[in-house]
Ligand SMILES: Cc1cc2nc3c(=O)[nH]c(=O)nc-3n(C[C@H](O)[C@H](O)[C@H](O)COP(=O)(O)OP(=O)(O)OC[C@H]3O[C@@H](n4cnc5c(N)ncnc54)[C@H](O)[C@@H]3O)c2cc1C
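Shown below, as structure tokens, is a lone chain in the form predicted alone; questions about how it binds or moves come after it.
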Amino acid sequence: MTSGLDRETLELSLEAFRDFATEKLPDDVLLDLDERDEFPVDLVRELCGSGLGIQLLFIDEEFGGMGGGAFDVYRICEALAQVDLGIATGVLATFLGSDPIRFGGTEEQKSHWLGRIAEEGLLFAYCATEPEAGSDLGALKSTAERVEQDGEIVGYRINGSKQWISNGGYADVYTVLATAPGGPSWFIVEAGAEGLSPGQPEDKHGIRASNTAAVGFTDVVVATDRLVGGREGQGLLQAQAVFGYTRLMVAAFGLGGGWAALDRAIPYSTERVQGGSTCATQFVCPNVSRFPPPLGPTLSSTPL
């Protein structure tokens, strides 16, 4: 993670995002997306493209980004989650999906793929979880068979099935964990590859504005330059590096979603009358000072 943005740049970026959300993602739009279980792919592409360019904060300057640090990532993810956790997950999926390249790719792979995210706003999907293995990456069954020509490895043939993949039905690029002869390895597969088959969206209880789908791979052939890092058997180490980074994003989502819930619940409690008085007057928390304010600005700072 780089050292980060200066305070003014970060605040301007947050303000630009809030203006975007106010215009493009008002409550009625978000409620409609949730009811219809729809991933607003065009809005997410606008958010992560020329419309706003929020993806630049997650990418190092050497690859065309702004080089946001850990605190910047926290603030942006908290702000995303305050608007909608589904939208936030659609953005997070790209950086989860590209992190095997960021942490384990060759310099050429980093320059090419991270540079394209910065310039084109590509959406990524991280394909690790499987129907039977779940999150036990050591039990994965997807395979990557070497394709040889004249005694040289010229590519890999990927077969397997992935489950519960964020952005699975809409990604431009998929990073796929499969077992090669040298051990678990990550591979880069572009949308439209022959044998790649995204499934129907999952019908979820919540976070419905994000896309979650199964993804199948049937004899999907990729060239050797799509092996992340250029070496087989590094996949589990690369996955561990990814998880450590994305935990920060997920924690920020919890904070942002929680503060947004409070910002809605507190005003409602002053209006909702039950038993002859408002809910707010029936519940008083004498030790409210033990709940610290959030590190970042919220929609409201009204105390309990």
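When you see a residue number, it is the position in the sequence shown, counting from 1. All values derive from a computational prediction rather than experimental measurement.
What follows is about the form predicted in complex with the named molecule, which we do not show.
S.K.: Exactly one residue in 82, 98, 166, 185 has a non-hydrogen atom within 4.5 Å of the named molecule in the predicted complex; which is it?
M.R.: Of the candidates 82, 98, 166, 185, 166 is the one lying within 4.5 Å of the named molecule in the predicted complex.
S.K.: Ok, 141, 157, 204, 116: which has a heavy atom sitting within 4.5 Å of the named molecule in the predicted complex?
M.R.: In short, 204.
S.K.: Among 192-200, 206-214, 106-114, 227-235, which stretch has residues whose heavy atoms lie within 4.5 Å of the named molecule in the predicted complex?
M.R.: Going by heavy atoms within 4.5 Å, the stretch is 206-214.
S.K.: State yes or no: in the predicted complex, is some non-hydrogen atom of residue 161 no more than 4.5 angstroms from a non-hydrogen atom of the named molecule?
M.R.: Answer no; every heavy atom of residue 161 is more than 4.5 Å from the named molecule in the predicted complex.
S.K.: Tell me, yes or no, whether residue 123 is in contact with the named molecule in the predicted complex, where a contact means a heavy atom of each within 4.5 Å.
M.R.: The answer is no: residue 123 has no heavy atom within 4.5 Å of the named molecule.
S.K.: Would you please decide whether residue 135 lies within 4.5 angstroms of the named molecule in the predicted complex, comparing each non-hydrogen atom pair?
M.R.: Residue 135: contacts the named molecule in the predicted complex.
S.K.: May I ask you to state whether residue 218 is within 4.5 Å of the named molecule in the predicted complex, using heavy atom distances?
M.R.: Contact with the named molecule, no.
S.K.: Enumerate the residues of 114-129 that have a non-hydrogen atom within 4.5 Å of the named molecule in the predicted complex, in sequence order, or give none.
M.R.: Those in contact are 126, 127, 128, 129.
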